[in-house]
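Only one chain is shown below, in structure tokens, and it's the form predicted on its own.
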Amino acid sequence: MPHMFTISPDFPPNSLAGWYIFNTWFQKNTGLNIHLNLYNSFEEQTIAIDNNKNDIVYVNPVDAVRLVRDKGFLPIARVKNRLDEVVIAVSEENPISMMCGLKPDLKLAMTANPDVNMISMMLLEAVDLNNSNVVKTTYDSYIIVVKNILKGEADAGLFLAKAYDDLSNVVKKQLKILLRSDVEELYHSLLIGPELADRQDEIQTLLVSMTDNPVGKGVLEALDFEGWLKIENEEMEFMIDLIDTLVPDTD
């Protein structure tokens, strides 16, 4: 049976080819039989992970914490200079230009990305908004979030900052950023399941050294990654503690 590898559904569509290139390179350099298994939504991915369908994952911080703590996954690496920050944005035509202009009964458009929603709701608390006085609607993609903002069906949208930055310039000109977070401690992580535990050090070394040769650099370029950084176990424990602080119950 091949090892099943999945990545967070929040990756930009134009990186899909890059992930297939990475998977081919990863198989060749580890000698593992790995199948890249993609899901259309966070809900689908969560169900698959809960049912132990994947033993190599690249996931958001909330899911990473759950997998490490509840299923014994081990940290491998994170992308260099790629942190999980969020953007709260409104239509360019919206007269509101600051977070303090957001009022109760705010209609929020979002995806099911758990860390984006967690950080965003924490930031909204600063202007006295919370789950009890906002109306949240979840969509399958950030493009649909944008469409609902521009149609006036949502007052504001919650975005992974990288996903917002990857929107076309034409789209971004129609939006206005009210806030970009600066948490600096949360990131997507590549993890392996406990059945691959004996390969942890080897895989970490392999990924971190990708920038040392032309082929590895080419694969990274296909993903628009600068490189991988090793995640120490202590780093992962720190992220677990941080998420527990932000959301006491992440289950």
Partner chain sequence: MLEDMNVDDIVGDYKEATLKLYNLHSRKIFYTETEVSYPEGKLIVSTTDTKGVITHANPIFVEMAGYTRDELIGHNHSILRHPDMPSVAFKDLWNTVNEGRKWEGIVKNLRKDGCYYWVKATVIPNVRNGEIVSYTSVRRKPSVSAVDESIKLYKTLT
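Here the structure is a predicted model, which is why all the values come from computation and not from measurement. Residue numbers count along the first chain shown, from 1.
The next section is about a form of this same protein that is not shown, the form predicted together with its partner chain.
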Name the single residue among 182, 221, 70, 198 that comes within 4.5 Å of its partner chain in the predicted bound form, judging by heavy atoms.
-> 182
Heavy atom within 4.5 Å of its partner chain in the predicted bound form: which of 123, 167, 88, 76?
-> 123
Using a 4.5 Å heavy atom cut-off, are 36, 43 and 44 all in contact with its partner chain in the predicted bound form?
-> no
Heavy atoms within 4.5 Å of its partner chain in the predicted bound form: which stretch among 143-151, 124-132, 88-96, 105-113?
-> 124-132
Looking at the partner-bound form in the predicted bound form, is residue 232 within 4.5 Å of its partner chain by any heavy atom?
-> no
Counting only non-hydrogen atoms and a 4.5 angstroms cut-off, does residue 4 reach its partner chain in the predicted bound form?
-> no
Any non-hydrogen atom of residue 21 within 4.5 angstroms of its partner chain in the predicted bound form | no
Mark residue 242 yes when one of its heavy atoms lies within 4.5 Å of a heavy atom of its partner chain in the predicted bound form, and no otherwise.
-> yes
